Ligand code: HPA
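As a starting point, one isolated chain is supplied in structure tokens, in the form predicted alone.
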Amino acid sequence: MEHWIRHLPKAELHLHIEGTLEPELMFELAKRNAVALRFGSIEEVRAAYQFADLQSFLDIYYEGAQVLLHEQDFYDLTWAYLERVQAQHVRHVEIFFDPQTHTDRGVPFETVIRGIHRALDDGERKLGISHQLIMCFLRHLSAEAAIATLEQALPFRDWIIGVGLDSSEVGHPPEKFVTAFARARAEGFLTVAHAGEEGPPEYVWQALDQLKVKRIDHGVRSIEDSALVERLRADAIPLTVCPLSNVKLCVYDTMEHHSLKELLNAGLCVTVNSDDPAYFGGYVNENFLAAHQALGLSKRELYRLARNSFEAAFLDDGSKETLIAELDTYVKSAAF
């Protein structure tokens, strides 16, 4: 079963590229860029990856990002992720990046996006992984800062499919960013938003009704509101769920308590993703495996999750059909 899962063709739709910064690369970039780290070893970094909640993770996440200074740094970060997930049979990725994490440190927007974009292009040509790029606004910062970031992105709009909303959820509801998202939609960007992770189901409602999002990132607390579950089902709004992340950040005590299977059984378009895999102990295959083992997901349910990842992607119908055909061929040949 593990072999079957590892070779299952799939897409990843919820991945923060800064969250793929493995300790080994962190130390390499710190040395290259003469950035002092408070950690004395790779083992000490890994030992620090014990989080009580989302904010305790974000504190170390932003600290680690300080080693990213030059275009090549962002290229190396992105390329390392792509090489890893190619081996996990990821066929398409939709990557988040947080420009404010870098521009607030004096790193130019152009430096960030050019490094990421160049690696994504190389990944498509050399590794066969198609891609989309989504720019996230940091919700703990002001709405005005989000609009300023959007304006910085406009010269690169051909490289960015959409905008999203991440960082500290509680106390920063989606409605705070109504104007920024309206401006983004007017400029032709699709919209997504983190909601219903630590925040309540009301945040999911706001993301749907006020930000007009096409997908909900996380959304696991939607299960607490039956009317919301019906809305998500009726409107076919995908949820980009990140099981290991939810356990690591104490949204759920254990994987056995996760709502993933319940959401899937409710007829929702649920997908499995890794969020910030360097910090949460696993990339997309590890998330599939952990969910399968803890929740008893059948092959049919795992197939549904993989198919959902293609159906929920921001791709044209022809590209989706090609990827789903590859998935179906694999499943038929692998004794489904």
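Throughout, we count residues from 1 along the sequence that is shown. Owing to the predicted nature of the structure, the values given are computational and were not obtained by experimental measurement.
As for the form predicted together with the named molecule, it is not shown, yet the points below apply to it.
- Put simply, Ser167 is close to the named molecule in the model of the complex: some heavy atom of it is within 4.5 Å.
- Not displayed here, the named molecule is kept clear of Tyr283 by more than 4.5 Å at the level of heavy atoms in the model of the complex.
- By the criterion of a heavy atom within 4.5 Å, Tyr61 is counted among the residues contacting the named molecule in the model of the complex.
- Taking the partner from the other structure, the named molecule in the model of the complex has no heavy atom within 4.5 Å of any heavy atom of Arg91.
- Taken together, the three residues Glu12, Arg215 and Leu239 lack any non-hydrogen atom within 4.5 angstroms of the named molecule in the model of the complex.
- The stretch that touches the named molecule in the model of the complex, counting heavy atoms within 4.5 Å, is 51-59, out of 32-40, 300-308, 65-73, 51-59.
- Applying a 4.5 Å heavy atom cutoff to the named molecule in the model of the complex picks out Asp275, Asp276 from 270-287, in order along the sequence.
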